[in-house]
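The chain below stands alone and is given as structure tokens, in the form predicted alone.
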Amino acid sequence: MAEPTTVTDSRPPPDAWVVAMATLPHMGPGRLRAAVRLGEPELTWTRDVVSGRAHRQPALQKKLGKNARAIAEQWAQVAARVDPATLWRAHADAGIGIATLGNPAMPAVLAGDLAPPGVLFWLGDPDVVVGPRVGIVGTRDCTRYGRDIAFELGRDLAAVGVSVVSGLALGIDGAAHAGALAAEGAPPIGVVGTGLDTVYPRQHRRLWQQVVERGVLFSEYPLRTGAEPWHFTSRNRLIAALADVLVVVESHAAGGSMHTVDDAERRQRPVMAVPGPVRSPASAGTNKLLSEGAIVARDVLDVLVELGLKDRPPRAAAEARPPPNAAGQHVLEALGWQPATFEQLVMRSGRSLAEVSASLEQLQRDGWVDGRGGWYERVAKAGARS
């Protein structure tokens, strides 16, 4: 895995202005997507956001609603205190990877989603988003029965090469990832609703660290973003988008997991549910799903059958591409997961101008690196492993 690199250049890449926009109040994923799609991020920041004229852009005005002018004025007030370059360096120094909408480093399954992130932050290795993936969700207020089932499903799926996706919440989510980590199999994938420096819930600090060490942790929120209720509803759509199959282990009749079910159904992902005691409030939602036609999930075999992996459980092979030579690998490691200029790569790698230039040309031909606007970026396509 190539690590995100520290930005030392005084002028940040274009993505820095998208990160700055993500810090603004009332900036949800839909509004950020609209802002990103306006064009050059720096121009959007200076022309529309800092000036207080964001509400004059028809695409943003539609997203901002009846309070468009007031929100635009609040954005301008906050933006006056934000330095995109400093903010960008803070994320890079924290080892956080960043990909904005249109950046090839964003996992393809999210970039092509019905509601893709305007910006995606991560800790760990985003290249683990390959092969089969199962989302496991459920209530925080789970029973011992539900906790044990979630742990066993997470463990057994990971053991046969299926990555477990969850929100790392208390209860079912955390139990599923604890099981996946116990198996030491397929890498876990977590999606959280806070900045990656804000562990929520606090009890899961060690679980966060283990997911980062063994897999990847995603967020749509920049540093120092705390927990807000709507963040978790928004996060659920990313869990549904990342999962090939969604399994609900326990859920109350009106539990938050039902939002994830709705998101999965909108994306035509199969929804499975674990049957529970008919008198248990924690199983009221899952039993209702089963009565409405959800697929029963009694054990890992049921899930593997739904994935089409009953007879072929191992992880899918990585997409073939020529491996970089020694010089190319050195430049690739110097590049990491953040955009870098040619001069930065020469300085970081310690190689000559000619060596770096030749390596970059070869890496671009082989599909490892993409160059645009004077910046080079590592390409992280689904199925590719470095």
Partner chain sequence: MFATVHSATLLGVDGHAVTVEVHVSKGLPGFTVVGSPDTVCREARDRVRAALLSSGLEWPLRRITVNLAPSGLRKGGSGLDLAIAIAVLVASEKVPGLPINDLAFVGELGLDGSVRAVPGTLSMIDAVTQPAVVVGHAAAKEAELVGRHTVRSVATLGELVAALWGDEPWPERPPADAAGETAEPADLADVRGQPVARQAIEVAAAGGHHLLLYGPPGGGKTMLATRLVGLLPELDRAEALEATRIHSAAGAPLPPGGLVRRPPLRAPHHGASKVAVIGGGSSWMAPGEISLAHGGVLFLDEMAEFPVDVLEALRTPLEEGVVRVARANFRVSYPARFLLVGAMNPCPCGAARGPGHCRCTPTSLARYGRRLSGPLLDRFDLRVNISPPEPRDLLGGEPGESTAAVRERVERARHRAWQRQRCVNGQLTSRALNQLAPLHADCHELLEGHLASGRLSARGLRRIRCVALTIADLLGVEPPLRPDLLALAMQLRNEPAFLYERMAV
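Residue numbers count along the first chain shown, from 1. Just so it is clear, the model here is predicted, and its values are computed rather than measured. For clarity, a rigid core is taken as the largest C-alpha set superposing within 1.5 Å between two forms.
If you look for the form predicted together with its partner chain, you will not find it shown, but the lines that follow are about it.
Using a 4.5 angstroms threshold between heavy atoms, H252 counts as touching its partner chain in the predicted complex. Contact check for L360: a non-hydrogen atom falls within 4.5 Å of its partner chain in the predicted complex. Contact annotation: R11 falls outside 4.5 Å of its partner chain in the predicted complex, judged by heavy atom distances. In the predicted complex, its partner chain stays beyond 4.5 Å of every heavy atom belonging to G118. Between 238-246, 118-126, 261-269, 173-181, the stretch whose residues reach within 4.5 angstroms of its partner chain in the predicted complex through a non-hydrogen atom is 173-181. Only one of the listed residues (L38, A70, A327, M347) places a non-hydrogen atom within 4.5 angstroms of its partner chain in the predicted complex, and that residue is M347. Checked against its partner chain in the predicted complex, the candidates G95, P281, P104, G161 yield a single residue with a heavy atom inside 4.5 Å, and that residue is P281.
Annotation for 69-100: no interface residues with its partner chain in the predicted complex [heavy atom within 4.5 Å]. With the core held fixed, E343 shows a CA shift of 2 Å or greater between the shown form and the other one.
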